[in-house]
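In structure tokens, one chain follows: the form predicted on its own.
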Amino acid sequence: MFFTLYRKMVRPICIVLLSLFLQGCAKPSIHEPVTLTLLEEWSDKRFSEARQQELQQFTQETGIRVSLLPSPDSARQRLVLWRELLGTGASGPDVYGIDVIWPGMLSEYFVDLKPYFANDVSLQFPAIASGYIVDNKLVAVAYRADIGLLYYRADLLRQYGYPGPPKTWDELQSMAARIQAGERAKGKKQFWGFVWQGAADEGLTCNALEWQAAEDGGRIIEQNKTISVNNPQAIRAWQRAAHWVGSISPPGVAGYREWDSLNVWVAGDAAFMRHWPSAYFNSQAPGSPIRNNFDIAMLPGGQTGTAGTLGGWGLAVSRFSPHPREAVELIRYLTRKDVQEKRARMVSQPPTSPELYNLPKVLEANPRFKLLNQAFRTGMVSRPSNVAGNKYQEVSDAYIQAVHSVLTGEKSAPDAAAALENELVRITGFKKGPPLEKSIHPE
């Protein structure tokens, strides 16, 4: 199924690239403008329309044209395609959008942007900027920030006498159970306390890392290249989540991806949901059963504090690009403060600069950005993608399979953690060690 979808996506993209290559082989006019190709995720229709408008404005300002290429739907399919295009060593897209977990895997294919953007990057949230730095090389410049958040039914919390959202995961568990029981007593037999992403893909890495980092369970692999995942705090966090399956979360939650949890939530069938900032629009859309009846908060915490997994995207210049100067100009434009500000107001895409979160017109259009500002400063945990380098996909896959086996009851948490520890040693060659302090990013 995956390879069928992959072939369907690659064929039209390769046709576009071939046509651009053939155009480049023709003798150019001395006044012919440069055309860049940009390959990035298309998160939704609103964003793609806004991006097209940005590119048109860029062309008006610079005379440089940009062709925006389509991409596969899933992050895994995109990574496969990006690797295949870059691995040919031939001229392809000039600028690539890359996930925050890809720099360590793709660093060799991109230009070091530090000479061009050192000052710009210093004005971003430090944890966001550092996600795109590998071995002191600035692989990409962040243009979109993301973080795991808690969505909650404010109306139901009031009905059941709760003054606010849960501060800890244990509080969430008890609140979710009580609200679920009360709603089911009213006849809502499909109502659940908490929905999240438990399918065996990268979304589970994000969720499980949040559970364990909040309880001082480390970051799977620490910054000093020690494998810390087999520790009592991480094991307890996995055990608690396994207890949720079938109690406060649907039995099928171990197969839920982002859209599955969002569909249950938007239908009004859950009290709490873990998701990304983008879920706000679906929740607040006209006709949504929960419109104006929900709010967002930082994720519940534990011994260490709250930990939302850092997500987001950056822009990188291919080292095979025939137009690196123009490609840098495009990135400078798309990450410019006024462009990010407009994007924040028009499509509510979280910007990467703390300064923009304090602008009255941004906060007026997006009141929840005040919370995001706090989350990016104090409640963020990064996946060990850069420390694992080009081994990160194997690391994440092993972690996913271990946690998933606990959620489904296939393995006990202690057995899964011990086996995972040995597997990560085999994959990376790193030594075992305890979790480091400060897994959660301070400002």
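These figures come from a predicted structure and were not determined experimentally. Numbering starts at 1 and runs along the sequence shown.
There is also a form predicted together with alpha-D-glucopyranose; it is not shown, and the following applies to it.
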Checklist outcome for this item: Given 98 to 106, 346 to 354, 164 to 172, 215 to 223, the stretch touching alpha-D-glucopyranose in the model of the complex at heavy atoms within 4.5 Å is 98 to 106
Checklist entry - Which pick from E258, E341, E84, D295 sits with a heavy atom within 4.5 Å of alpha-D-glucopyranose in the model of the complex? => result E258
Checklist entry - Though alpha-D-glucopyranose is not shown, can you say which of E183, D120, E326, D146 has a heavy atom within 4.5 Å of it in the model of the complex? => result D146
Item to check | Contact test, all of W238, A398 and E421, partner alpha-D-glucopyranose in the model of the complex, heavy atom 4.5 Å | outcome: no
Next on the checklist: Although the partner isn't part of this model, could you tell me whether W276 comes within 4.5 Å of alpha-D-glucopyranose in the model of the complex, counting any heavy atom of the residue?
Outcome noted: yes
Checklist entry - Hey, in the model of the complex, is G198 touching alpha-D-glucopyranose, heavy atoms inside 4.5 Å? => result no
Checklist entry - Does at least one non-hydrogen atom of A75 fall within 4.5 angstroms of alpha-D-glucopyranose in the model of the complex? => result yes
Next on the checklist: So, G203 and alpha-D-glucopyranose: in the model of the complex, are they within 4.5 Å at any heavy atom pair?
Outcome noted: yes
Checklist entry - So which residues in 362 to 387, when you check alpha-D-glucopyranose in the model of the complex, have a heavy atom no farther than 4.5 Å from it? => result R383
